[in-house]
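Given next are two forms of a protein chain, the same chain in both, each as structure tokens and marked structure 1 or structure 2.
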Structure 1
Amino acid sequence: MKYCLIGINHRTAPVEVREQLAISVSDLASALRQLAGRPDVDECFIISTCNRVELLARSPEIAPDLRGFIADYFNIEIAGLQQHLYERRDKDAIRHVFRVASSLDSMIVGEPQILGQVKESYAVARSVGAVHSHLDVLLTRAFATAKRVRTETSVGSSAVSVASVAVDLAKKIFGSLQGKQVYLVGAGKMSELAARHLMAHGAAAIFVANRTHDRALQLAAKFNGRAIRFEQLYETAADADIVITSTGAPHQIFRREHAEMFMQRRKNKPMFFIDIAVPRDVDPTINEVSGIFVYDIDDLQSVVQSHVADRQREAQRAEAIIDVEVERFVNRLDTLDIVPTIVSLQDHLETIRQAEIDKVRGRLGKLTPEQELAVESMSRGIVNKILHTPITTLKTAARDAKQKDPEATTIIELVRKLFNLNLSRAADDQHEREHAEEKKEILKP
């Protein structure tokens, strides 16, 4: 199969390591083009979130050198990352993709954000041509599997998210959130979710600063809040009790000198930073300033543990679904290469059948509807009986070919030569037929 996946996530690497490999939304298309341009890569996909960075690639000949790409793209010594990287091949890579899309590999099992993030990354990969055939099949099947997990289990019920966990931490620090001022730095989905949870627990006012001021205005309007221009960030942030920051900036935007200035203005009233950005927006040494509390994405895991037991049984049911879907997908791959041959053979005999019926009509003249039906039924029956044995033999040969049986490969090639089959067109037609319905899943929220 030659599927290869490599990555780091919240389990294998702390945030200070993950941020070294983070790829921003604006850089994702360029990174995909560079990876797809490597001679050992036929198709590729990249996802980069606060909790994971993963590269998936396929090559028909050799396993792609994804470690080499990471070293080149990030200009980093790969040896220093070895202990944090994990690698999956072929069937294990397929299983991993299905589990990620189904939120079984998330820091918070069942959280809904990851599926949307995978779909967004898929859309970028499709738009630059990095995903076009085999990975297209794999990812659309992953989306369908994720939908099945969410529909058939309760793994996502009583939804817990990074945002809700952040609120739990804020309540521990302040006791009550009644009347607290909230400042959103960055106007992404995670910040909006956190703000929504904070408001539901009594927070008083929302301020929003974003580099694109129009986006800040839109988000502030949702909470009857106030949009602040980004250049006024440092002179206004001290008014907030809780700062939620997730900007995607390549460098830290809150440093120790800012924290000390905020504490002077606040007369040492506590101030809580929730840094859900990777790379981080907040210098971790700010935690050393009296009255300042900083929590990054890794710190949220301690709160997550209390939610794990409730979901364990449903997660096991979800894993069983994943097992079934992976086996189904792998079995499909085993015969995928033979499908164009079968389709082309069916088309070839159907063309002959139609031509012979036309000759009969020419000799017999106009047929009654009953006669037309009888000719149609009889000719289709003959063709189906002729096709049964070669199709069964081809499917068996396709499975044997995966086991490197040279006789099986000879059978397949012989059928193709005997009937002079047009495989390229059959493959294209089959691909479109098989995945038209699955791709509808991607358009759904």
Structure 2
Amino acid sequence: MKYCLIGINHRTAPVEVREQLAISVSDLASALRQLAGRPDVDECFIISTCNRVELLARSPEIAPDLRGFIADYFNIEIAGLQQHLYERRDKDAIRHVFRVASSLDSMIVGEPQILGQVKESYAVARSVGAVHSHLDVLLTRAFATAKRVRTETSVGSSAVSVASVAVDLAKKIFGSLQGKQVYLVGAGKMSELAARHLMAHGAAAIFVANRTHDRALQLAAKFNGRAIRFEQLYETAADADIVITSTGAPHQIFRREHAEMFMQRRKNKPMFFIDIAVPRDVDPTINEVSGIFVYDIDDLQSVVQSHVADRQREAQRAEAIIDVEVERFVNRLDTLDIVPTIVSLQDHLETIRQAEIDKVRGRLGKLTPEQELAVESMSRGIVNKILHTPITTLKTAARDAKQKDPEATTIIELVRKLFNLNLSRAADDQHEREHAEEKKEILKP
């Protein structure tokens, strides 16, 4: 059994290199078919996102030549990519798949999108038949592991971008953001992003004030909000619950006297200033006014930093879960390897038994139900007694084979040869039975 994974990601290659190997969603099915069509590949799986392209393949005998496929498929000189590509085999490949699905290999550890992307690719690979038995088990297990990581650690729970931290803080102040008014002072990419996040969480009206009124009008139109002339800023700002400032002004726009005036007009209802301008637009001492909260870009970024640190701590715990799951999976693979042999051995003897009974039935004449039962149980007893020792030996051999014991491998091979067992069909049935339930669960939207 050989698993082989080759890939390129945000750590090993810059985007200029990654984009050369990207496979778009529409090309994924045909790429999978091509890879699966290669003689050294039994099953294969491809994931291609903006941060990574990875090929995973399985073959029963030799390690599949994935570099060759990359060179052929992309029509590219593989030597130039050598320094960016990483390769994982067998247990390491399994661990890598588990880590990717659990978002431990992501640029932002714990981000939730990657699991969805892996699941989508899995659905495509299944539909074209590139994934059907062993890889199916592997990926299903990877999804279950990702779910375990998500529920048992808090690796994905804290906000790690400036915009989402701003939303978190706003929720700490206002509870629900439903109906809260957001005021954008100055038009910048970052403040636009923050406003978009706030709106996605229910914030309602958006006011926009900008030195150049045309730009304010444009931005207001984007958010379905109201553009306000900069001269009217101080009269209108008291209506806003959340003020996001990002002007290029060299002096402070909101000073203490403004803050006190706002609070008086608002009957002390809390107000949240998010100041992402450098130099700052909001006098930091306003934070001392009761009911007003000022966070500048450094404050937000330090919250982000501490959350990133939290995530790293949680990622340690997640790695421990991955270790356990990989170990469990590898153990299961070993028995999976032997189970088809045992099943087909049983099938083989059962066929012989049935045939022999049918043969002698004519000579025995009419049997009473008791006699019928006796013949049945006698023949079954003989078969089971004969099979008992070989099955036990096979199970032990499977465990020993894992320890790279050459004799154990020979035993398994010998049994297969002795009884001329054809394994592939039995193995497929086995997987189908074992994972029908699990798959149903995973594929639920």
Partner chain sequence: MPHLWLRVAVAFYGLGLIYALIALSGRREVLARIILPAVGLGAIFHFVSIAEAYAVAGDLAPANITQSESLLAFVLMASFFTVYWRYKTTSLGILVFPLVFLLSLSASLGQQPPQFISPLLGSGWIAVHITLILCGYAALFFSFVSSLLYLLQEQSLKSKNMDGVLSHLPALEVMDDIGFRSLLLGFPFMTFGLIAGCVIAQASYGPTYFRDPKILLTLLMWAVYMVLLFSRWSAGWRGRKAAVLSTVAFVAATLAWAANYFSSVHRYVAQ
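Structure 1's sequence is the ruler for residue numbers, which start at 1. What you see is a predicted model; the values in this text were computed from it and never measured. Rigid core: the largest C-alpha set superposing within 1.5 Å between the two forms.
- Here the chain appears twice, and structure 1 is the form predicted alone.
- In the core-superposed comparison between structures 1 and 2, Ser127 has its Cα shifted by less than 2 Å.
- Annotation for Ala146: C-alpha shift under 2 angstroms between structures 1 and 2, rigid core superposed.
- Glu77 is not among the residues whose C-alpha shifts by 2 Å or more between structures 1 and 2 once the rigid core is aligned; its shift stays under 2 Å.
- Here His197 exhibits a Cα shift of 2.6 Å between structures 1 and 2, evaluated on the superposed rigid core.
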